[in-house]
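We've got the same protein chain twice here, in two forms, each standing alone as structure tokens: structure 1 and structure 2.
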Structure 1
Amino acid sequence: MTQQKTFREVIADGEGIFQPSVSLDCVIFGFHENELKVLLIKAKSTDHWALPGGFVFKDEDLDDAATRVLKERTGINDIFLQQFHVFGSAKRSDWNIHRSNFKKDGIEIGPDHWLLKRFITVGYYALVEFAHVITTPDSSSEECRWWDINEIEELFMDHKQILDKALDTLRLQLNHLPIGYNLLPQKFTMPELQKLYETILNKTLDRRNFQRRMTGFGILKRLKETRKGGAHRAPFLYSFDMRKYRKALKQGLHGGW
């Protein structure tokens, strides 16, 4: 049985196989039962949690590299990753941290090591139902788990900044793009949909305004059934009108010109 190389082993002798200067980092947001989380990884010998990220093979498309890196480092497959920003500050790398991490693992890297050079990183993000996602870190040296986004204070290098920018992007997109498909059950109530928005925005919304606005987008179908079993009046169930939902994904919730 051949042992797959660990990420650290690949890193240690990665020069020549990776495109220099360019890296990528993935911000995977997870939603489940009114909680918004983000997937972070960590080498067991360090205290630094980080976004799952990696490098681009010399003959590999950038977007394919993002999919591969995410799969290798977390086990996650088949999710749509979207570019959201390139982080290109000349001062963004703090490779002292990286170097000391390697040292703890018994890997000595010199000052001219390719990994200590400057990298410009492309940020990718996705939002998934995290109960449906099975994460398996790539090697025994990595931990991988969902963190409540409000718990996170510090991350490896500028990863907190990258996470914050992804969260800003997600929140801004709520103003003009539909959301909810694959995050909610196929039939859901208006309060459940509202809770999704409130969780992402981290604030409460007015119930009647929300319902009026959401109905106005024309992407919902109100079903004949109601949700049974609560103490209150049984709320109506809705589902997305997928034809209109997909159209709104392309030209925005408010329609094109």
Structure 2
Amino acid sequence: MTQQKTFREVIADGEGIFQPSVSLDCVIFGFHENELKVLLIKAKSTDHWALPGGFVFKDEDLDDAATRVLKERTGINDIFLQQFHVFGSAKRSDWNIHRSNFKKDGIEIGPDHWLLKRFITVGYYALVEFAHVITTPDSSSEECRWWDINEIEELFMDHKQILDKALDTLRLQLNHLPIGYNLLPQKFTMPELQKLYETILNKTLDRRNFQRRMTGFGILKRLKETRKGGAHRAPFLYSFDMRKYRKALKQGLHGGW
């Protein structure tokens, strides 16, 4: 695979090494202090925050490109990754703004430059454990950090639309896929798991019904350990039964929240 290029090399040589008119954008979700987070970058050529993304090398599979981008941003190899939508609006980008932003960095590009052609982008969402992520800007960005999803009002180009679609997809998939292994620590309590679901769904769930349903899936193992230090009776810790969890990812779960 072609090695990572600098920002100026991408602009100058990109047409020869990347698949024309195809890009990808990644919505990276994390869960921290009972808040759903999303990883955003601030590019050098713009004042707006954006989703991590990139281009696809001509000798690279699309899923491999998404995995590469996520590895570069988070430092994690084992990532739950899901392709969820293709965004192809003819007006999804304003090329005059792009040219103006590049000019701020002292980079002049003509109207026929490959970056000013129409791009169709493939959306992926990823679930990662917040504590394991090393946020890493690349050569084209000056900052990379987590944002509370409720604080995000405006993003670069159509990235807010992409983020909203990813969140809608995640909420829908909670009805038939297990969620939690990639977002929680290895050991967690049932209230912590419930809070994760409630945060994603943005609604309150009945405690008894939630516990009954989650244990009924057969994907959890109750440990002998308890969570110490709380004001109330120490709750038992759980972990995921990974064999059954992976089976549920393939075959799905039944019912809805």
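Rigid core: the largest C-alpha set superposing within 1.5 Å between the two forms. The structure displayed is predicted, hence computed values, not measured ones. Reference numbering: structure 1, starting with residue 1.
Here the chain coming from the form predicted on its own is structure 2, while structure 1 comes from the other form. For N150, the Cα coordinates differ by under 2 angstroms between structure 1 and structure 2 after the core has been superposed. Relative to the superposed core, Q173 undergoes a Cα shift smaller than 2 Å between structure 1 and structure 2. A displacement of 2 angstroms or greater separates the C-alpha positions of L70 between structure 1 and structure 2, with the rigid core held in common.
If you overlay the core, the Cα of R222 moves by 4.0 Å between structure 1 and structure 2.
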